[in-house]
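What follows is one chain in structure tokens, specifically the form predicted alone.
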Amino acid sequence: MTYRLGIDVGGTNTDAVILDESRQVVAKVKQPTTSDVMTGIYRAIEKLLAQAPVDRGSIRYAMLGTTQCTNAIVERKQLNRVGIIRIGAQATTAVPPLAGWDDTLRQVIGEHIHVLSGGYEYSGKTIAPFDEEGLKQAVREMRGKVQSIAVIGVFSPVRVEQERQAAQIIREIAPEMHVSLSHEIGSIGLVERENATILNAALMNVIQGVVDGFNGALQKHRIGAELYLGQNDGTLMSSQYALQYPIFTIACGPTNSIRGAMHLSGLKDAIIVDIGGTTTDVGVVQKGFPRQSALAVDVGGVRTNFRMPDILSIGLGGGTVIHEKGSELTIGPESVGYLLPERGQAFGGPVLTATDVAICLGLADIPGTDPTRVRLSPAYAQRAHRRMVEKVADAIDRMKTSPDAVPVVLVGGGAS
């Protein structure tokens, strides 16, 4: 008998299961996610093995689904500072890189931007010679100031030579830097492909921490399984591939939830609302399959065009922080995430969260909480609740493509 180990690391909880050869659940656990990821995974595996003392050598495959990359973008945390090389002057200077980005995200990414001569026409014809010397100077200027470099060439999916030439030069001058090439990430549209490539470059530290954490936890338990990560088209990728393309893990959690909701509800056409600790993700099932995005996809307020299911993520989850400044009320996007049992007011902590609002209004009953600890007037709680409902309703409306009624399925936790 051989087994498979599946783990979903969310912003709040880590869920884990062991399946046998017939895909039957042998053991399952849920426990709070930890700040270093590895500890939470280690504890989850420990509890699994306590439930089902299987031969560790018989666990052949280990699969990890994680929302860590999505959460990092939404919360603007743990992101690399990115050097941006656009190959397309003078043809593309009318719309500069990072145009339309939220100021909070621009500050985290940094604004090390260089637009160099080069690029191709849609036919593959060269627009202008590639500025090698300009690139070398730019890399030397950015070295030590950024951790990753994103290279974006005009119509590079048609011809890849200039992007590959740029990557070779960057690796010769600064071999310690991660390099993301846009033709490997997105489709034709320049701005959306550029945005996706910059986000991919910004996620390198995040995905490295996830993979290291998973590997470390498996090694501590003496499990030598092959390691895979879930990607956003519902399939798996190797850990080596994930380290190059972390952006493809974005929306893998909602994809898992969509597939789980379809299986449990038996519905073939529905809207699935996956409520996590940091975000709420809304997806659509049509004729039994997750709807794929045919347009630019919004990720953390940034328009992108890499392949992924049609998911709308909003910064609202159980750990979302509610701010009160006089008569002003704001919801998120930051979240206490896995620290909810320590930081949430209903648990005895100092931070007002979405979960506290629900508990205060009697809409949730969670062991270990006390509604009287929530320092919130009933009127203010009602106001915050209305704002949260409006955010979710607006997200659902934005995902509908017709005025007809459609079932809505609420789920939480990719591994559930």
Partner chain sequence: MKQLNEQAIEDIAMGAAVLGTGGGGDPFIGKMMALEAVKKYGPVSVVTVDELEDQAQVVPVCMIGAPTVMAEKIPSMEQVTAAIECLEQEKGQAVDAVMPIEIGGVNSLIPIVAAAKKGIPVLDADAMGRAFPESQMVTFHLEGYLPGSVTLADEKGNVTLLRPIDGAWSERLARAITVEMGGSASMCDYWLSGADVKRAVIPGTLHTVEKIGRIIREAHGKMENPVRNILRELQGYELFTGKVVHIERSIDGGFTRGKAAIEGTDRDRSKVMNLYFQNEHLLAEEDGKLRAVPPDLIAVLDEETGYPVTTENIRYGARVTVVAFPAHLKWRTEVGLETAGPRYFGYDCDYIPVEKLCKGGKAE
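Positions refer to the first chain, counted from 1. Whichever C-alpha set is largest while still superposing within 1.5 Å between the two forms counts as the rigid core. What you see is a predicted model, and the numbers here were worked out from it, not measured in a lab.
From this point on, the text means the form predicted in complex with the partner chain, which you will not see here.
J.: Would G144, A174 and V411 all count as contacting the partner chain in the predicted complex, using a 4.5 Å heavy atom cut-off?
T.: Zero of three within 4.5 Å in the predicted complex.
J.: Taking any heavy atom pair closer than or equal to 4.5 Å as contact, tell me whether F155 reaches the partner chain in the predicted complex.
T.: F155 belongs to the contact set for the partner chain.
J.: Considering non-hydrogen atoms and a 4.5 Å limit, does the partner chain approach E192 in the predicted complex?
T.: Yes - in the predicted complex, heavy atoms of E192 and the partner chain come within 4.5 Å of each other.
J.: Is G260 near the partner chain? Define near as a heavy atom within 4.5 Å, in the predicted complex.
T.: Close contact is absent here: in the predicted complex, G260 is far from the partner chain, nothing within 4.5 Å, heavy atoms only.
J.: In the predicted complex, does L264 have a heavy atom within 4.5 Å of the partner chain?
T.: No - in the predicted complex, heavy atoms of L264 and the partner chain never come within 4.5 Å of each other.
J.: Please pick, from E132, D310, E324, D102, the one residue with any non-hydrogen atom lying within 4.5 angstroms of the partner chain in the predicted complex.
T.: Selected option: D310.
J.: Only one of V160, L236, A167, I188 has a non-hydrogen atom within 4.5 angstroms of the partner chain in the predicted complex; which is it?
T.: Here the answer is residue option I188.
J.: Counting any heavy atom within 4.5 Å as contact, can you tell me which stretch out of 302-310, 273-281, 337-345, 236-244 lines the partner chain in the predicted complex?
T.: Selected stretch: 302-310.
J.: What are the residues of 76-103, in order along the chain, with a heavy atom within 4.5 Å of the partner chain in the predicted complex?
T.: The stretch 76-103, when checked against the partner chain in the predicted complex, contributes Q90, A91, T92, T93, A94, V95, P96, A99, G100 at the 4.5 Å heavy-atom cut-off.
J.: Is the C-alpha displacement of T249 equal to or greater than 2 Å between the shown form and the other one once the rigid core has been superposed?
T.: Comparing forms between the shown form and the other one, the T249 CA shifts below 2 Å.
J.: Comparing between the shown form and the other one on the rigid core: C-alpha of A202 shifted by 2 Å or more?
T.: No, the C-alpha position differs by under 2 Å between the shown form and the other one.
J.: Superpose the two forms on their rigid core, then report whether the C-alpha of I223 is displaced by 2 angstroms or more between the shown form and the other one.
T.: The answer is no, as the C-alpha of I223 shifts between the shown form and the other one by less than 2 Å after core alignment.
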